[in-house]
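Only one chain is shown below, in structure tokens, and it's the form predicted on its own.
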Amino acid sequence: MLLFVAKRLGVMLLTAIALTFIVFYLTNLQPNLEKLARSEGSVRMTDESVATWIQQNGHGGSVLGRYAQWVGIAPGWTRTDDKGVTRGRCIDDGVTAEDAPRYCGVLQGDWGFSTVFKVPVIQVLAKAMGATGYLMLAVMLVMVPTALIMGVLSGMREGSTTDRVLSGIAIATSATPEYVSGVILVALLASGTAGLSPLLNDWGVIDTKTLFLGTATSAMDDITFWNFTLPVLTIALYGVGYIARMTRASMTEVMTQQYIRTARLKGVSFGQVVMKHALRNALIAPFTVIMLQFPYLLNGVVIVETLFNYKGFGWTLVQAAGNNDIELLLGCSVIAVLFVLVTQLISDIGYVYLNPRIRLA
């Protein structure tokens, strides 16, 4: 196991380097740098002034060299102007060139400065990931138990009415993307002029105009059932259908195995057969699917956080991309790459423990 983990960590390192370099190269293309120069300097800058700004702010030279500086394995750039003032990547306000560290990249904890939020990137990402962490936790607490229950109930009685109804619900939810289900939920439950809210208000069931809030901005300070339900449901609905279908397929296959028939012939009750014999083997495939949902959640939060104005990782990524905030975009890429690679490693290790018949070569 230790050798397997060591090999996977090596592959993860190479993958992270390759992916972050691709993102670094694409975000540092010349048009992006020129746009950054004009936004930080002046829109009326001449082409010569733009080229000078790019050189003076460390965006010149080879891409490999700048990538090494950003990672922190090469010394940071320095420039001395006509007045003899030295500036550089590692030279902050109040720090002289003599006292500044030689290396200051991602490995040293310096992720750059956000040109949109005017604070260090690490501060922006820390706050955004904290908010998204609460959202992901709530989604998993809703999505996983619901999907497993639906899948197990469907697989226990293949072809029954319960199976058909639950399978239909699973197919419908997995076929509906977040930007569609989110709009539908807002129209049904968070509109003061349409949906259920006006009816409930007329009947005296609710005192407010809407049952739920159509925006989750207030959840940044105080998470409540009323401002957090719609974002959670919007993300969870898609995953519920996908996991439920995989669980049903796995449960159906397990229920046809010989050891299940043998247990039934011995007089073991149907409930005991399901809980003690079928359930663990049926959960092997869904476990992998559940772990794969974590990377998919990053895609979901980009849409949902923008739709509900919830200022987490997805909202921050959209703001960085829309405003050409190169340093913040690179920081988001690091978070996304690490998140996917770590969840995949946990998935592989957990798969082995769930199924002891699997041996690691």
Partner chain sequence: MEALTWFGAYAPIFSPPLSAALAALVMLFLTSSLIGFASGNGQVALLRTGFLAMTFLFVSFFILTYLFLSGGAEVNYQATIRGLLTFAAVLVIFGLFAALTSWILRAYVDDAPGLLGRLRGWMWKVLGLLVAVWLVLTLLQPAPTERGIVASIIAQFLPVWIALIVTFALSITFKRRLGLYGKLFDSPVGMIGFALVMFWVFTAIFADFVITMDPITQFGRVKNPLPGIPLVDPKDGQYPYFLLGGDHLARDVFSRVVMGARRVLMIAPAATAFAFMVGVTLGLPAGYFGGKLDTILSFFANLVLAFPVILLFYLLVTPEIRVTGIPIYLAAVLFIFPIIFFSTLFNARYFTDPAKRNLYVGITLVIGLWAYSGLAFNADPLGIWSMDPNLLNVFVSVVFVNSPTVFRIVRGLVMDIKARDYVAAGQTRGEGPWYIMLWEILPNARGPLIVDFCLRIGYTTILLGTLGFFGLGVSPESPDWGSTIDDGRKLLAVFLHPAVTPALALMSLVLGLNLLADGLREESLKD
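Positions refer to the first chain, counted from 1. Remember, predicted model here, so these are calculated numbers, not experimental data.
Not pictured, yet referred to below: the form predicted together with its partner chain.
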**Report entry** Proximity to its partner chain in the model of the complex (heavy atom, within 4.5 Å), stretch among 180-188, 118-126, 281-289, 103-111
**Finding:** 180-188
Query raised in the report: Counting only non-hydrogen atoms and a 4.5 angstroms cut-off, does Gly267 reach its partner chain in the model of the complex?
Result: no
Query raised in the report: Is Val23 one of the residues lying within 4.5 Å of its partner chain in the model of the complex, judged by heavy atom distances?
Result: yes
Query raised in the report: Is Asp202 a contact residue for its partner chain in the model of the complex, using a 4.5 Å heavy atom cut-off?
Result: no
**Report entry** is_contact(Phe225, its partner chain) in the model of the complex, heavy atom dist at most 4.5 Å
**Finding:** yes
Requested in this report: With its partner chain left out of view, choose which of Ile260, Met220, Leu196, Ala74 has a non-hydrogen atom within 4.5 angstroms of it in the model of the complex.
Outcome: Leu196
Query - The single option of Ser39, Ser49, Thr306, Asn57 touching its partner chain in the model of the complex, heavy atom within 4.5 Å - result: Thr306
Report task. Within 4.5 Å of its partner chain in the model of the complex, which residues of 14-31 have a heavy atom? Give them in sequence order, or say none. Result -> Leu14, Thr15, Ala18, Leu19, Ile22, Val23, Tyr25, Leu26, Thr27, Leu29, Pro31
